[in-house]
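A lone chain, given as structure tokens: the form predicted on its own.
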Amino acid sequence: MTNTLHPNLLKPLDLGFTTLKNRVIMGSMHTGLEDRFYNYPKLAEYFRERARGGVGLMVTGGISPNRQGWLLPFGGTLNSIFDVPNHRKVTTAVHEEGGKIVMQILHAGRYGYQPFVVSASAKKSPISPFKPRALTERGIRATIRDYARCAVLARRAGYDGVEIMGSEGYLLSQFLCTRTNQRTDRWGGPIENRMRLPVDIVKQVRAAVGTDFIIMFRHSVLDLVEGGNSWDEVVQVAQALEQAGVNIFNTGIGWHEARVPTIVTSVPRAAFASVAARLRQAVKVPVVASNRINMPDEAEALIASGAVDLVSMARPFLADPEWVNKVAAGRADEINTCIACNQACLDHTFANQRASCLVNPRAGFETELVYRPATRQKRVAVVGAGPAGMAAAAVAAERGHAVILFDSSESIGGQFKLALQVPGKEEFAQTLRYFGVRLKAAGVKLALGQRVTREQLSAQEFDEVIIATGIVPRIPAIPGVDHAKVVSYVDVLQRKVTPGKRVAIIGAGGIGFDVGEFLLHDPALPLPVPLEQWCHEWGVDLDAMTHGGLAPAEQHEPPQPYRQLFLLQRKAGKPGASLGKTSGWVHRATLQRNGVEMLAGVEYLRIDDAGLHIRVGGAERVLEVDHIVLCAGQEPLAELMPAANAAPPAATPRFHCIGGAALAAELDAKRAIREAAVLAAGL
């Protein structure tokens, strides 16, 4: 089957000296493999798999041009001829699969987590403990030479070009914006001076590599911070860079320190594409739209309309290396969609761990987690059709085993069916769509709407039984917890109960925050949240009439909250401290903006007709609420597992326990899916 729905997305792009086979760019994504030479064979296979998947052009994770530019101590660097052989492993793998790849040159500036950091001015970043030195004139000139040398070495290593990182608040952004550039010499002051560094870098790189080498510039079109650039300045910089030798403009949105979400799942799809389209009208070279583009229909519409020339997706290629090939074959329903959760990718990156993907645990582990055909077909029962069960059943069946997937519900999904009820998590429905298609294609037999017993499993002569039955909510030992005011988060998210206007939520983990966002949403309003409403809530000016693209505060005053909420936790410390590093602040900000009172160190005294009686900091208080929602943790549901001391007969199948059924301390789909894949790969 050939795709007729996305012809523009699959159309080649002629750059004059080279041609990209389609309009899809795999954007830069730091995996952690770049930082150690011994991991380059793994990095090569990571890129090989995605080149084989059909993407038109790939961008590596950020590689520093010098030691001062390191993100981390001894981070990925290309400044010596001795680094070239490692990079050649990557480019050879990509070219063997018919792909093209450019290397991103990234100087972290004041964002570096190391003591050699430099910047335009000696202004400390809020996300790094190290205060930078202001680059001297001599240091600036050396930095320009380092960029040029890095590009020359990239060409020698076989890259098809370089992407110069000029956005997200890294070094070049720090020179471009008055937020961080307070210099009074010829590198500071008016925009003509502030843009001198990136322009000179592009000129020197172009002179060093010649005309038949791609220079893509990641240009910040919305800084989303105070002291960011105006739209006129964004355009002026772009036109100067184009004149200096840029072939393609990729678009960057927001600094890492911005207090506006730009890539989490609650950001509307293609939210910033209109800004990229405005840049497209101001320059003559191709422009790339980026951020929260994850499925082909949106991408096709952007290309077909002429708004932009290409689309960039990074995390979607972690989720599915075959994204382009599936689109080309008319199999878009088989795409494993990126749900923008950040849990295994960016959260890992900022914790100095190898990046992977919640919905695709093979990402970054292509040489280690391999699904080889089974040497002997086994009969496998999987009990529980949540994330762990679906993943285990799919991998086992794809390897050749005969798999039956049991669940007491009438449909697959487990906890994901609850998650997708939360405003901003509608993308979770895409994962259920994907697994539905994948399970059917793999030949998994579904046995839904029935609760199976251990005896039934043993009687059906299964070789392997995988228990993935998940969790049951924990009921805390609070006097009066059986009061009519008390309800489970499960009943709330399943809409079996409609809480009143004043609600207390016991438990401030991920579920508590999800329930809070669910209860704050007026059910009469549409989901997902329309782009205009989202911009109003977060103070984003897509017309970029203000510096940095931030709307004046008076233009985005929050409306009256739909409910009055109290979010409570027993332990001391900041509520939501366990949430993801790159997304937790978004959830906290949403609840704070809506007036949610968050209390930590709470002692629960009792529940009665008056409400919830608590003690905080030695003072007693009564929360006069209509309902109390329990989000106080969960217990594993593993009743089907044989007793640990049981001695089953030889004919009894082997039992395995994964996901929440094995460990229910905190719901963790990332761990559950990975456990499932590893287990099924070894059956």
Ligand code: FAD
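Numbers for residues come from their place in the sequence shown, where the first is 1. These figures come from a predicted structure and were not determined experimentally.
Below, we turn to the form predicted together with the ligand, even though it does not appear here.
Only one segment in the set 394-402, 100-108, 416-424, 494-502 has any non-hydrogen atom within 4.5 angstroms of the ligand in the predicted complex, and it is 416-424. Interface membership of V24, defined by any non-hydrogen atom within 4.5 Å of the ligand in the predicted complex, is ruled out. In the predicted complex, the ligand sits beyond 4.5 Å of every heavy atom of S173.
Using a 4.5 angstroms threshold between heavy atoms, Q343 counts as touching the ligand in the predicted complex. Of the heavy atoms in D407, some are within 4.5 Å of the ligand in the predicted complex. Taken together, the three residues F428, Q450 and L637 all lie with some non-hydrogen atom within 4.5 angstroms of the ligand in the predicted complex. Just one of V162, I201, A289, A468 comes within 4.5 Å of the ligand in the predicted complex, counting any heavy atom, and that one is A468. Checking I248, V118, V383, A238 against the ligand in the predicted complex, a heavy atom within 4.5 Å turns up for just one residue: V383. Although the ligand is not shown here, in the predicted complex the stretch 668-683 places heavy atoms of D668, A669, K670, A672 within 4.5 Å of it, in sequence order.
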